[in-house]
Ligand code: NAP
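What follows is one chain in C-alpha cells, specifically the form predicted on its own.
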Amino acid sequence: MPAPKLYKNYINGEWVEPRGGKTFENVNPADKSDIVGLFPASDKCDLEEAVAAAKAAYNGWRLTPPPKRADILFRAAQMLVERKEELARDMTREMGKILKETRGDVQEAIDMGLYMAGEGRRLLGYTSTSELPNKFAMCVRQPLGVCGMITPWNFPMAIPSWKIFPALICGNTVVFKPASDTPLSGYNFAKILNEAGLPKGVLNLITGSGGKVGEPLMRHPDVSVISFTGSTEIGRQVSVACAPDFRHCHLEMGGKNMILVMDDAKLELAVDGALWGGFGTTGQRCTAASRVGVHKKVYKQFLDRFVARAKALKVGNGLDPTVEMGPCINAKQRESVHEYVEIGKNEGARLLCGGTALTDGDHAKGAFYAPTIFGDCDPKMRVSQEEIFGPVVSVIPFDTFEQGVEIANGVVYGLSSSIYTQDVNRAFAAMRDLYTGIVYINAPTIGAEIHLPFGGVKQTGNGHREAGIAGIDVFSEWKSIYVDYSGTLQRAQIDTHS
C-alpha cells in the first residue's frame, strides 16, 4: 500500500506541522492494515498558538456584518454538497459506519450550514415597551469570544457543524479539536470553511489526544465557552475545569434510551424501529435504542421477529453497499462491548443472539461484533442501566403503560425515548411523562432534525441544547439596551405610586 498521507494542523490561516513533530495513525476500523493518514499529535504549545490566533481574529470577525458571515457559511454548505460522496467515503473509511449513514452525516452538516446562513439575516432580539415615557427598550445578542469545540468520533462532521456553524454566525472564533479516531473528517470540514473564505484565525483545527490538547483547551482562560459532546465522565471534567473562572460550558453526554412497544403497536414497524435504533451506527450513538421495553401481551411475538432480523443483518466494511452494519470504532471499544456482554450473562439476562466478536474471513482485520440481543432483562441490570455504546440491545418485559414509563425514566440519563402505539391518548401521555429531551411517537430513538433543539436532561446534559435557535443561545449572550430620549433624569425602579 502507498505511504499514508501526512496531515497538518490549521492555525491562523496556515497548515502547519505540530511543534513537537509527533504524529499518530488514523486506522480504518474495518481493516487495521489500512492507515487512513498520519495526523499531528499536538501538545499545549500548538494549542496556545491556536487560541492566540482565535483571540486575535475575534474583533475583526465580530464586527463583520452577520449577513457577510452568512455568505461564507452558505458557500461552505455548497461545497459540502459538491463533495458529499468523497467526504462520506473518507468518513466510512476512518470510522466504519455504512455509506448511507456517512452520507447522512455530511447532509446534516449541509443542512446546518444552510440553516445558520439564514440566521445571518435574523439573529433576532426584540424590542419592548418601557415603564417610563420617551424611553426605548430592546435586547440584542452579542458573541462570547473564543469557543473551544471538542467533538466525538461517531458523527465526525455533523456534530462539529452543530457547534461551529452557530458559533461562527454569532461572531465567535473557534478552536476545534476533533476526536482522535476521526481527524480526517475534521480536517475536511476545516479545509472547506477555509476555502469558503473564512478570515485567518477565525477557525483553527488542532488534532491530538484529550490529555495533550483537550484538557488544556478546556482550562484555557482565553476560551470563553467549551462545547463538548462525549461521555458523562469527561463532561464532568469539562464542567469542573470551567467552573473556577465561570466560563461557559455546553455538555452533550451519555444516553440509555428506550423504545416502549405497547400491546396495540404495529409490531413490524416496531421491529423496524428497534433494529435501526439499536444497530444503526453499530449502536454507537448517544441516542441509540439500547433498551426496548415490550408489553407482555406481545413480548414473545416481538422478540421472535426482532431476533430473526438481527441475526440476518450483514456486518462488514461500510464501503460495501450491501453491508448493513459496520465495525466498532476500534478494538478497545469492541473489548468494552464484550465485557458488557459477559456482565449481562452473569447478571442472568438471556442471550438470544450475538455475544461474540467476528474475527474470521472478511472480518479478520476489523473490530467487528455480532448484533447482540438480551431478553428477559431486569430494569436494574447493568446492561439495562449503563451506556454500552455498541451493538447490544436489552429487551425488558412490562405489564402496563405506567410501568413502562417508570422503567424508561429509571436511568441516570435522559436524552431520547420512544413509544409505539396506536392509542392517541397513550401517545400524548407518553409525550408528557417520558422525562427525556427528545420523544418519538411510532419512530425509534434516533433521527433528530437540525431545526429542533437537540439535547437531554439529568446526566445527559447541563441544560443547553444544540441545533435550531437553541444552538445560537449557546454561543451568544443577551444584552439589554435602554435609550432615554426624554431629556430629563428618569428613575426606573423607583416607587412613584405612593
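Numbering starts at 1 and runs along the sequence shown. What you see is a predicted model, and the numbers here were worked out from it, not measured in a lab.
Quick note: we don't show the form predicted in complex with the ligand, though the next part is all about it.
Put simply, Gly230 is close to the ligand in the predicted complex: some heavy atom of it is within 4.5 Å. In the predicted complex, the ligand sits within 4.5 Å of a heavy atom of Phe454. Proximity of Asp111 to the ligand in the predicted complex falls outside the 4.5 Å heavy atom cutoff. Residue contact check for Ser180: one or more of its heavy atoms lie within 4.5 Å of the ligand in the predicted complex. For the options Pro156, Pro391, Gly208, Gly318, the residue carrying a heavy atom within 4.5 angstroms of the ligand in the predicted complex is Gly208. Proximity to the ligand in the predicted complex, defined as a heavy atom within 4.5 Å, singles out one entry of Ser417, Ser290, Thr151, Thr92, which is Thr151. Comment: 208 to 216 is the region of 343 to 351, 97 to 105, 398 to 406, 208 to 216 lying near the ligand in the predicted complex, near meaning a non-hydrogen atom within 4.5 Å. Residues from 19 to 55 do not approach the ligand in the predicted complex: none has a non-hydrogen atom within 4.5 Å of it.
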